[in-house]
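Take a look at this single chain, the form predicted alone, given in structure tokens.
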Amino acid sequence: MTWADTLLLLPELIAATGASILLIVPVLGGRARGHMAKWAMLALMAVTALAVIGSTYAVAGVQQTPTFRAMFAVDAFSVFFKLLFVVVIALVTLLSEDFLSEERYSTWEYYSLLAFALCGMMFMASGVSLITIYIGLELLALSSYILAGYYKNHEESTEAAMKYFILGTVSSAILLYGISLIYGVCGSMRLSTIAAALSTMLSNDALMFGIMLLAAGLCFKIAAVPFHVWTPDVYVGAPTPISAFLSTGSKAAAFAVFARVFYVAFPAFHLDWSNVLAAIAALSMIVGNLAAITQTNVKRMLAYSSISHAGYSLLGIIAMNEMGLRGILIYTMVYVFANLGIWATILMLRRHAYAGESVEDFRGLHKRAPFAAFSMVVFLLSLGGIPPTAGFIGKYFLFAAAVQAGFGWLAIVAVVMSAVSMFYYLRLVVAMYLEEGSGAETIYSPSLRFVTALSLTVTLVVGFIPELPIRQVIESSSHLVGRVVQR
């Protein structure tokens, strides 16, 4: 590596260095200053974001070494996701403030783990080699396992962490085995080299088995059926801010990898794997939405909802066209902000270690916190894809991409399941506006207000004025789209 390569790695280096410093501060006597950890973390996120933006200008003026270029890419696609990851971690930091102060858990180690997770996610977004992607994914996964069990004195949290860890290690082994088969057939880990090898290759059973194992490992990360069984228990047992992180940042990172790997490396074998992913997408939408209808626990309901949204997002992978890739980017963005807004409202309804989990906790919320109730309605409508919210724009791109690619039946399933999802989303609206009752205790801190307001602004602005984000998404996806078109 040269200094030029190091310059392009600057955001990841800053995140890793900051995470290490946060980890050793308590050892150096800073544990008593836990209230400073939040500001240190937010400062780290600001510096990391500036480094990400700076890397876009640096890449045009530096000469990368061939080895570095074969493993790591700084392009518009990776920058889009990196900035989204930084925003997610910053907002999760704000969501965690009251949780950490009330439960008296160590703040420095908590934020350090979030920073390490961010580093892993950024490597996933920039990885153009399967080994780089795998290392980033494991860094994210190991941090997530510990964060899921951060309520170490609570049985539910420990159980969630153990389930997540055991199933996660199995999925990582499956993914790694798939990578080894792909490497054995193609002789390379680099995505572009794999694509070149596949373009001159006829159908190969070992290769297809490897692709399916790789897809299975990634489907676990996005919680798609039948690799979804960990999701409800982990979302319920983990600290609520971590549930918010798992449903937004972790899922967005997995889709960044899914899009880059399948759009860059496997378009030549699209007909061979698309039908399998189509079945997984349909099952995810059906199982996720139907299971969510029966839930009275809001966190469990959101877990099954996230399973269905994994199915919607898979439409963009299956379509393998411009509309599909752009749909993945814009849908990931709008899904992240809508979900963070919902989790902020859940955290507002706190009940000791865990936030408001029951639908009954939302009764009469419009009287106690009218802004939070209105925002919650907008977020739920966005998840349901109702105009003029941002969710409608995202689903339009994904559904149109599926129709263009000849998967009209899958688009019909998606539309029907979106209608079904409104049943359990509106259940919360009814509880907030039409049912009487005091509900859970409401503690609406400035941090929660800020997260809610920012998420609401993004959700409405993208819904009413979609031109700007769509233009940015087109620019961010043009690099990968060009590769597909050339083939």
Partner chain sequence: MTGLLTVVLFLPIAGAILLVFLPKDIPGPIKGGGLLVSLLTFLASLAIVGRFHDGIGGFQLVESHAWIPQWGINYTVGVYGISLWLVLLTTLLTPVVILASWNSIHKHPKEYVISMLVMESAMIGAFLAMDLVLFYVFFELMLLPMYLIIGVWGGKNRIYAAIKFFLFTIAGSLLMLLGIIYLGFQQVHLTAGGVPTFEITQLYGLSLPPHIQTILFFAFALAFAIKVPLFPLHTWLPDAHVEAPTGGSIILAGVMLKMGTYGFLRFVLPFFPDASIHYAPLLICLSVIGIIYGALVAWVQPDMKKLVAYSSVSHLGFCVMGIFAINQASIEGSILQMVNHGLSTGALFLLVGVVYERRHTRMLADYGGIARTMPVYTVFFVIAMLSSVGLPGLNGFVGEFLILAGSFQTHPGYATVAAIGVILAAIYLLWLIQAVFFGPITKDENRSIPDIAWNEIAAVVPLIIMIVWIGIHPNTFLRRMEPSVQQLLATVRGEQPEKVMTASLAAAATRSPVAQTLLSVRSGARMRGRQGLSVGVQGPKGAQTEVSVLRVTR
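Worth saying up front: this structure is predicted, and the values here are computed from it rather than measured. Numbering follows the first chain given and starts at 1.
What follows is about the form predicted in complex with the partner chain, which we do not show.
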Original post:
Is there a heavy atom of residue 343 no more than 4.5 Å from a heavy atom of the partner chain in the predicted bound form?
Top reply: no
Original post:
Given that the partner is absent here, does residue 418 sit within 4.5 Å of the partner chain in the predicted bound form, heavy atoms only?
Top reply: yes
Original post:
Does at least one non-hydrogen atom of residue 456 fall within 4.5 angstroms of the partner chain in the predicted bound form?
Top reply: no
Original post:
Should residue 423 be counted as a contact of the partner chain in the predicted bound form, where contact means heavy atoms within 4.5 Å?
Top reply: yes
Subject >> Contact stretch among 66 to 74, 444 to 452, 40 to 48, 426 to 434 - heavy atom within 4.5 Å of the partner chain in the predicted bound form >> reply: 426 to 434
Original post:
Any chance all of 377, 393 and 466 sit within 4.5 Å of the partner chain in the predicted bound form, going by non-hydrogen atoms?
Top reply: yes
**OP:** Have a look at 358, 101, 404, 204 for me and say which one sits with a heavy atom within 4.5 Å of the partner chain in the predicted bound form.
**Re:** 404
Original post:
Which pick from 326, 190, 270, 251 sits with a heavy atom within 4.5 Å of the partner chain in the predicted bound form?
Top reply: 326
Original post:
Going through 364 to 395 from first to last, which residues have a non-hydrogen atom within 4.5 Å of the partner chain in the predicted bound form?
Top reply: 366, 367, 377, 381, 386, 387, 388, 392, 393
